[in-house]
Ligand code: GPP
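In structure tokens, one chain follows: the form predicted alone.
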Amino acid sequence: MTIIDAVTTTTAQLPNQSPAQSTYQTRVADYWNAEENPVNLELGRIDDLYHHHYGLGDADWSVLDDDSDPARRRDRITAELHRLEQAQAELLARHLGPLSPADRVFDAGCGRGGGSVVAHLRYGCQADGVTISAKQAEFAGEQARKRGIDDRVRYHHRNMLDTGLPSGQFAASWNNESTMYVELELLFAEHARLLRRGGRYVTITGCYNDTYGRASREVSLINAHYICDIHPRSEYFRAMARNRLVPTHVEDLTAAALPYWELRKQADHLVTGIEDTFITAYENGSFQYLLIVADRV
């Protein structure tokens, strides 16, 4: 497997230098290399914090009332959705600490890099983000250079299951809605390798509810839409236990996630067709949105 950094990655290198380890991972990389979804890009342009996750908290529904000026209404909806996704990123970052500028953190499945920037701005720490998409790594690296923080926040075109980063050097690590693209056993083994003893791991993730039974129709539709494989809730805790990650805090964020989807459903310029599926899955109990915090022992 060839390992390359974002600073040396070019689009022309994609076919021969992908860190994908399987045909499936190649398909995932191809998907994100081609992705230009407005729901990711338009929200990020507001403040150059580009996220690839959803939002949390009560929405300001007044943004829907501005019918006299369609352009203003559209901008207000976009800004409100970004506020909710930024609140999600901040919630995750708060659980990483306490950190200092001397600490180093790892963002697994970093996308276009927003989460790494949020962590750096909050703590002053060094951050390494890893994505299987060369296009995302290039984009995120350029954003760091524009901010003048590329000496502290670095992005790599690598595989989150086999990063090549040094063992035991990270004070904290996380996945933000990226665990469903990999095997949890392999993922948590890599986090455990990277984290120092007492280091903190955090994930915010969608998972299917084992008490419901098998994965619901809605969960299957979400899998097909994003080319992913949503894991059952119980598997997170089994895989963590096998890899020296001990949960210290678990929070069900499902109710807090619903307003984002209900608002996005009404954003004609941002809908992707999966909104009703998420709402139904959350409401019927087959799908949950969890925050899991664990310490590496």
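Just count from 1 along the sequence shown to find any residue number. Remember, predicted model here, so these are calculated numbers, not experimental data.
Beyond what is shown, the protein has a form predicted together with geranyl diphosphate; the following relates to that form.
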Partner absent here, but in the model of the complex, which of 37-45, 248-256, 62-70, 22-30 has residues with a heavy atom within 4.5 Å of geranyl diphosphate? 37-45
Would geranyl diphosphate be touched by all three of G206, I230 and R264 in the model of the complex, meaning a heavy atom each within 4.5 Å? yes
Which residue, L165, A87, M180, A79, is the contact with geranyl diphosphate in the model of the complex, using a 4.5 Å heavy atom cutoff? M180
So in the model of the complex, does any heavy atom of S234 sit within 4.5 Å of geranyl diphosphate? no
When the contact criterion is heavy atoms within 4.5 Å, does L184 count as touching geranyl diphosphate in the model of the complex? no
Wondering, does Y226 line up within 4.5 Å of geranyl diphosphate in the model of the complex on heavy atoms? yes
Taking heavy atoms only, is L195 within 4.5 angstroms of geranyl diphosphate in the model of the complex? no
Would you give me the residues of 40-54 that have any heavy atom within 4.5 Å of geranyl diphosphate in the model of the complex, in order from first to last? N40, H51, H52, H53, Y54
